[in-house]
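Only one chain is included here, represented as structure tokens and corresponding to the form predicted on its own.
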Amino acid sequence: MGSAIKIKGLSFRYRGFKEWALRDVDLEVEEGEFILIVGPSGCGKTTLCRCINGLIPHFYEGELHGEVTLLNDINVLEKEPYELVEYVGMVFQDPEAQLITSTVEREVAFGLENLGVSPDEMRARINWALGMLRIEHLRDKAPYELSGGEQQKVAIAAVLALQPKILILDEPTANLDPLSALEILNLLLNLKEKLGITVVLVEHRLSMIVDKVDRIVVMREGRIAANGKPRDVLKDKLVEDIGVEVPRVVKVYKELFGGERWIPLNPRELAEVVIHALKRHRDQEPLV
């Protein structure tokens, strides 16, 4: 596998601002990886996503330094956003703001029409995208009639129909209830496994997804503060000090056993550790 995203020495400052939103960021994402980006508000997560899909510098103006390359040889800074949609798709946190047509089917067709896809190919892609998201039954519904979770699925289907190699999602569950949020996150994992696409996810609800991603990137003040496997990153006290809300199972484990060793990422793993510790304690107790 090659490199899906390669960022080198990336710094960006929005026009009219003194502070840099990104500061000398280096990051490489391999094809097929599922990357989770976390960090406190204002740390640069959204700005980084905008640099990857070309909104910066072509839509958001400012001072930019560094390089952003997709799929080994596509220079994002030299391409217009419309030229990148077949390579990288982005879903935002407010699905309602992305949906602009009268029906779900028209919404999924909108991007394809702008790319000049043939009618036969368009119908095939619409059917495929709706099927992948399991929302065929919503085809003729108006977006405003849908729930928040359904709207987010439509927004993802509209991007997926363009068949990008890279899918970026900027807090897609921010406005959803926990059950809908879990459904969307599980759906992303399913898409990654079935299609082999690269997924870059910005998300605050770590407990729902942290045991499913390949890598966590922690940002602070426009820089990458930590980057590695979930267990390695979450056992570092720095993550909590930055203000990242780590999963409760991680907190409980650290309180019980400390955080220097292997740590659990979900309740099942925590339960197994506790049961094992209780058995060891029982076996070591002297007989009365």
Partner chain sequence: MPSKDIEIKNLWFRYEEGDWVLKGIDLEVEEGEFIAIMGENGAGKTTLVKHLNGLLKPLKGYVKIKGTDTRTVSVAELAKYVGLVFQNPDHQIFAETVEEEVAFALRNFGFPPGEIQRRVEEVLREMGLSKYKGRSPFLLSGGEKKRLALASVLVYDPDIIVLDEPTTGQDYKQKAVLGKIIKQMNAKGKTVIVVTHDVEFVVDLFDEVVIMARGRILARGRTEDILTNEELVKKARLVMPQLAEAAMYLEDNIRFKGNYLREDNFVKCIISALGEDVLGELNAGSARL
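Since the structure is predicted, the reported quantities are computational estimates derived from the model, not experimental observations. Residue numbers count along the first chain shown, from 1.
We do not show the form predicted in complex with its partner chain, though everything after this point is about it.
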{"property": "Heavy atom contact within 4.5 Å of its partner chain in the predicted bound form, the stretch among 47-55, 221-229, 28-36, 239-247", "result": "239-247"}
{"property": "Non-hydrogen atom contact residue 179 with its partner chain in the predicted bound form at 4.5 angstroms", "result": "yes"}
{"property": "Non-hydrogen atom contact residue 123 with its partner chain in the predicted bound form at 4.5 angstroms", "result": "no"}
{"property": "Residue 60 within 4.5 Å of its partner chain in the predicted bound form, heavy atoms", "result": "no"}
{"property": "Heavy atom of residue 183 within 4.5 Å of its partner chain in the predicted bound form", "result": "yes"}
{"property": "Site check 68, 74 and 87: each within 4.5 Å of its partner chain in the predicted bound form by heavy atom", "result": "no"}
